[in-house]
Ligand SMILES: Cc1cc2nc3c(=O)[nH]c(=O)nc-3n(C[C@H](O)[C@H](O)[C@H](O)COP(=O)(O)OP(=O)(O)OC[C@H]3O[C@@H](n4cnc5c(N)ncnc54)[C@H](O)[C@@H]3O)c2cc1C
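Take a look at this single chain in structure tokens; it is the form predicted on its own.
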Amino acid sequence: MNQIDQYDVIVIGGGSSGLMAAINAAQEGVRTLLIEKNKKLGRKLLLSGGGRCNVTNRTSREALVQHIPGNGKFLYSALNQFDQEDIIRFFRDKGVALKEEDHGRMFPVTDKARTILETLEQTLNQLGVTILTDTPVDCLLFNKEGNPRVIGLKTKAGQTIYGKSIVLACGGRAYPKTGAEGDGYAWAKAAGHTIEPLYPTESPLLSNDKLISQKTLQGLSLQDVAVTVWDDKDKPIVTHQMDMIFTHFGYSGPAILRCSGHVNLYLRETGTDSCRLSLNLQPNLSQEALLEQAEGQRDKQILTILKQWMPERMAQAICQCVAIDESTPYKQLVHKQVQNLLTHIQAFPMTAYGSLPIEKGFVTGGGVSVKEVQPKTMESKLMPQLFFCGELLDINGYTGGYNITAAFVTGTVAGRHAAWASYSV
């Protein structure tokens, strides 16, 4: 067995959070090791933001937390130490020009995620961080005598590496081709931690609705519509107004992706086999405004009126749902038919029985329970000297720079405090 000299901080995982953890530990002047199972660092980071790397979202702290529905409030203490503006300053100080796009999304001017990765790698090298790639970890090592704490790790090649502090930054289960296989969950459990059940978020929804099974609307895109997820008491769980698309298996597009985690949580928590959604095709108009517009065109056919508010195929589908011939003049409709028509325009019924699996999604829901982690330091409440960051934690946000912000923030805080904690050992 090959024993390697002890490090002050060992970071397991070379993704977004792990890179920041290693950098921040090393900046505190401690001997730092970054260990990664893949042959190269940052494989998932290179895919983020469509390959452009959306490094953060320049929004208010409150809006940031609201866009991280999976335990976003846990981040408040960490954000007091390192927030979105600090992320921007970090990269700009290292010569990376950033630009702001719609909805506060920040990208490198180069439009290349590799710019961000190379900057992080250069910083690691400048700080003298030891990097071991192509080195899968087998297990963590614990001191079971006296005051228990984590003391190191063993690699699958048989190496024993000791560390005063260990940071687990091994990611979740999304994007398995990047090496995200959930290794860290077993190590967290070995340290006594609870793993909240995993579920897909930011993932296309599956449906057996008639319009889906018959492929009536397959491939149809809708712009600026509002999708609402409902609970079993007819109360809205969440609404997102964005674009969406009908697919051969169900629904996708930004509005659907943002709803997907809520759908999966509802299905898991209620044990039901279906979740109800509704689609508002004209969320910026009231029902009274729609009615007024329709009344002003009484001689026109229903399809002609509906096509002003939505694509023709969607209009035809609504006519079919309300059992009205699309060629019928509006003036021939009775009050009940008009109301039914307006209801379907602003609350078109849909259902979903789940989503594509975690491996096909963008983000993992669930993970290491944040109730067992110190929010100010990211240190385990159960195992001294063990720290967590990134997607391994039960934290998940919407796409748009929110997840990588959580990764950079928790990685920074975990790295710093892991370094400070190493002085006490």
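Heads up: residue numbers just count along the shown sequence, starting at 1. Source: prediction; values computed, not measured.
Just so you know, the form predicted in complex with the ligand exists too; it's not on screen, but the next bit is about it.
A.B. asks: Check W187, F362 and E391: does every one of them have a heavy atom within 4.5 Å of the ligand in the predicted bound form?
C.D. replies: Every residue of the spot touches the ligand in the predicted bound form.
A.B. asks: Applying a 4.5 Å heavy atom distance criterion, does S48 contact the ligand in the predicted bound form?
C.D. replies: S48: contacts the ligand in the predicted bound form.
A.B. asks: Using heavy atoms and a 4.5 Å limit, would one call C170 a contact residue for the ligand in the predicted bound form?
C.D. replies: Looking in the predicted bound form, residue contacts with the ligand include C170, since a heavy atom lies within 4.5 Å.
A.B. asks: Indicate whether K37 is a 4.5 Å heavy atom neighbour of the ligand in the predicted bound form.
C.D. replies: It does: once the ligand is placed as it appears in the predicted bound form, K37 has a heavy atom within 4.5 Å of it.
A.B. asks: Any of the heavy atoms of N54 lying within 4.5 Å of the ligand in the predicted bound form?
C.D. replies: Residue-level check for N54: yes, a contact with the ligand.
A.B. asks: 37 to 45, 65 to 73, 374 to 382, 22 to 30: which one contacts the ligand in the predicted bound form at 4.5 Å, heavy atom to heavy atom?
C.D. replies: In the other structure, the partner sits against 37 to 45.
A.B. asks: Pick from G354, P148, G104, P136: which has a non-hydrogen atom within 4.5 Å of the ligand in the predicted bound form?
C.D. replies: Result of the distance check: P136.
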